[in-house]
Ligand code: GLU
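This document opens with one chain alone, in structure tokens, the form predicted on its own.
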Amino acid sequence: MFLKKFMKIALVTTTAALVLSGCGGEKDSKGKNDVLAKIKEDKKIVFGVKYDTRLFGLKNPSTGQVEGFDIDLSKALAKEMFGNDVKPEYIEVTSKTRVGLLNNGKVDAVVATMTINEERKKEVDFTDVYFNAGQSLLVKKGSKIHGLSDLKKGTKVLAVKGSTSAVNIREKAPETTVLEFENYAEAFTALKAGKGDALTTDDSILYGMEEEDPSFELVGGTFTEEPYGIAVKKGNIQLVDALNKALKTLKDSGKYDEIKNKWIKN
């Protein structure tokens, strides 16, 4: 009898604890998802951006500041959304690290030449497209490689870890050897050192490398569509909506084109 009574009390206690725990978890979850409110409270929005991608996000060694289209666009978005009440801050991300840094709360939004695709939509939420790019090839001028059809067995193509480019090139040119690097700076350095026959990524990024060293050129046109979106942690719908509204306003006002034309000449 005593044992039955004890078990009944224990069961009730455990159930109550679970209910309370569940309620607390729901509240915490909502708190975490309300990033927009936290941004306003902290008076800062943290963007994850590239530090190694000329034209889009590149750290200037002389000033220590990161510069590019993604940087200027994110500044304009922050101002449109919050006026002068919220200050934009920046943390470096790479193609490999950006989703992890977003999901662990280190950054509020990723503006880093990130292609919207179905696989990534399972991990993060995206805004509307803010830039349309396409994958291409960068080679040394005079190279025998003029396009995808020249990527045969024995050729080496350089790409960046965690990028859609590495996946795409394996599908489009299955005979070629793909070598992956941590970031674009390392990949381009390897190409200049002759460690590969071509470097592949979005044409928008390759234009920056071509500008840096005119002895290289883009060949073969584009062979994929790469729509860039701003990524936020899954479930942060209010932040996505606010970013989309600000992006539309910038496009309608001509501010978006002003920023784009400053950086993207092609």
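Numbering starts at 1 and runs along the sequence shown. Values in this document were obtained by computation on a predicted structure and should not be read as measured data.
There is another form of this protein, the form predicted together with the named molecule, and it is not shown here; the text below is about that form.
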{"query": "Contact flag, residue 164 vs the named molecule in the predicted bound form, heavy atom cut 4.5 Å", "finding": "yes"}
{"query": "Heavy atom of residue 205 within 4.5 Å of the named molecule in the predicted bound form", "finding": "yes"}
{"query": "4.5 Å heavy atom contact, residue 228 to the named molecule in the predicted bound form", "finding": "yes"}
{"query": "Contact flag, residue 120 vs the named molecule in the predicted bound form, heavy atom cut 4.5 Å", "finding": "yes"}
{"query": "Per-stretch contact check against the named molecule in the predicted bound form, the hit in 38-46, 197-205, 233-241, 214-222 (non-hydrogen atom, 4.5 angstroms)", "finding": "197-205"}
{"query": "Contact assignment for the named molecule in the predicted bound form, among 136, 176, 127, 95, heavy atom within 4.5 Å", "finding": "95"}
{"query": "In the predicted bound form, the one of 114, 169, 78, 151 near the named molecule [non-hydrogen atom within 4.5 angstroms]", "finding": "114"}
